[in-house]
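Quick setup: one chain, the form predicted alone, written in structure tokens, and binding and motion questions come after.
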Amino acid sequence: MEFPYYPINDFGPAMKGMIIGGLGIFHVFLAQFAIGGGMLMCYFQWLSQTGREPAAREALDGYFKFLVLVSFVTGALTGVGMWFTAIQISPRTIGMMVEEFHWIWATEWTFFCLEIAAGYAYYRHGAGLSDPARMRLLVLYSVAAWFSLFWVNGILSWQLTPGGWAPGGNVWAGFFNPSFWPSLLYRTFASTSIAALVACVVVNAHPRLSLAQRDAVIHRAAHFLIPMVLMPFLGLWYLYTLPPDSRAWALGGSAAMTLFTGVAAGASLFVGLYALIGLNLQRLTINGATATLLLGLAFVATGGGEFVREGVRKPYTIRAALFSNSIKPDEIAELRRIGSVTRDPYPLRDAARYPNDQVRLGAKVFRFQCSVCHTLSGANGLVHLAGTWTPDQMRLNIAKLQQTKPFMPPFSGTADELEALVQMIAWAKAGSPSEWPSSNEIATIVQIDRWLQEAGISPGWYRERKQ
């Protein structure tokens, strides 16, 4: 077996997941704003050209400039940044996504190009066009933006709920997976909600609109918040489609996942109640500060939801096909036989700082199997997580890692590599001294090997379900 090794970058004390997760949340929020913003601009144009809300034309032109500045420029930069960081952190995951869905990615990019072209044409020539021509351009922009979401949503939801897909099998079975429709509808309504809240902020700051005109346009925009009444039902539908172990983590099985699920649901509920009761039923006047606060809560809800979506996938990045450390389930047995880093061609950075070959081996094992989700002593650091364990406790817990913590993948190396990892963690906890004794007792290696065999190579949730 030829395992594909990649020269993965290190981000110091920052966990790799924090880098791509933070950038991803920011990008998703901007992308959803662009999608909902297109629909809202069509609505404003229709209000203007039918005479129902004359001030909507002025608001539309001001809103679109804001949309162009934020979503086109920042969204495009963060989109490129997502590809760049994904390649740096987990090239095998992004490689498998492209391999399976390259034509769908290409289709999505086609719609994205159409979105950019329609938006740019409106930006340059919209003011001089007739109302029907403006509407056609805005509808084209809006449809292209929504179909970008349609195609990307199928790929992202496939990572967690691949359904009847198997590697090399039917692409459409993976694309139209069990969580495809609830995810698509939820994101669509999230997009319209974000667009409406941005409109509340932008219109409040519009210098050429009177207070009465601002109030009228804002309450028109608030109509885009009404679909939020459906979001709790869509959220429950989405949870129902998740694998039982993933659903359990979001609903109490994992403190972090449950906390972020609560944060996302609570923030969405607050925004939804204010929008429905305050803006649409009681027609309250909303000022810029309140609108900005609601928009901030929408960002918190988006961040919490994306954190949970990423977190409940563990121990996989692609359910049942690729573990979070980029090892496939059917590769573990072979890596345990020959060693996970035996053929790793990439040298350690600053290898001379390690005191002996065993600690150097442990550092390579850490880089290969652990570093995508952990640092050594920074965020989510192994020294903090395992530093209080005794050496034997560390050996046992790592050997039976998927049973110690079911959201972790099985250890995929030899007993010698596991002992090297234990020694590397202990050396780091001791302050990284220049000298460190090697641990090579046969009885220790035999015991680790026995624990590895007892743990097996199946993920923890699989064993839990069989019991």
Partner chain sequence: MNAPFPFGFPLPTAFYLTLYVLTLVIHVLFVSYALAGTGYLAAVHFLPGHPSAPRHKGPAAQTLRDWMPLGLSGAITAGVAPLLFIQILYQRSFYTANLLLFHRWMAILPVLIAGFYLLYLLKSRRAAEGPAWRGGALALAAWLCFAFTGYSWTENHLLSLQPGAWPAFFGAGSYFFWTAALLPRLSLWAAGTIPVMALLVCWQLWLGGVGSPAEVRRLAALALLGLLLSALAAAGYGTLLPPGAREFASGGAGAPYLGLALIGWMFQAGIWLTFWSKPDLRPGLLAAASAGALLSVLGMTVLREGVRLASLPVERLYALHEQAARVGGLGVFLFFFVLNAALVGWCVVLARKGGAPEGAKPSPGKEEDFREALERR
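Keep in mind that what you see is a predicted model, and the values were worked out from it rather than measured. Numbering follows the first chain given and starts at 1.
Another form, the form predicted together with the partner chain, is not on view; read the next lines as being about it.
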Handout entry: Contact of residue 125 with the partner chain in the model of the complex (heavy atom, 4.5 Å)
Key = yes
Exercise for the section: Please run the contact check for residue 280 against the partner chain in the model of the complex: heavy atoms, 4.5 angstroms, yes or no? Expected result: no
Exercise for the section: Classify residue 164 as contacting or not contacting the partner chain in the model of the complex by the rule of any non-hydrogen atom within 4.5 angstroms, answering yes or no. Expected result: no
Handout entry: residue 288 within 4.5 Å of the partner chain in the model of the complex, heavy atoms
Key = no
Practice task
Name the stretch, out of 177 to 185, 226 to 234, 197 to 205, 126 to 134, where some heavy atom lies within 4.5 Å of the partner chain in the model of the complex.
Solution key: 126 to 134
Handout entry: One residue of 389, 270, 299, 109 in contact with the partner chain, assessed in the model of the complex (non-hydrogen atom, 4.5 angstroms)
Key = 109
Practice task
State the residue from 316, 307, 151, 189 whose non-hydrogen atoms include one within 4.5 Å of the partner chain in the model of the complex.
Solution key: 151
Handout entry: Residues 8, 95 and 349 all lining the partner chain in the model of the complex, heavy atom within 4.5 Å
Key = yes
Handout entry: in the model of the complex: members of 422 to 441 within 4.5 Å of the partner chain, any heavy atom
Key = none
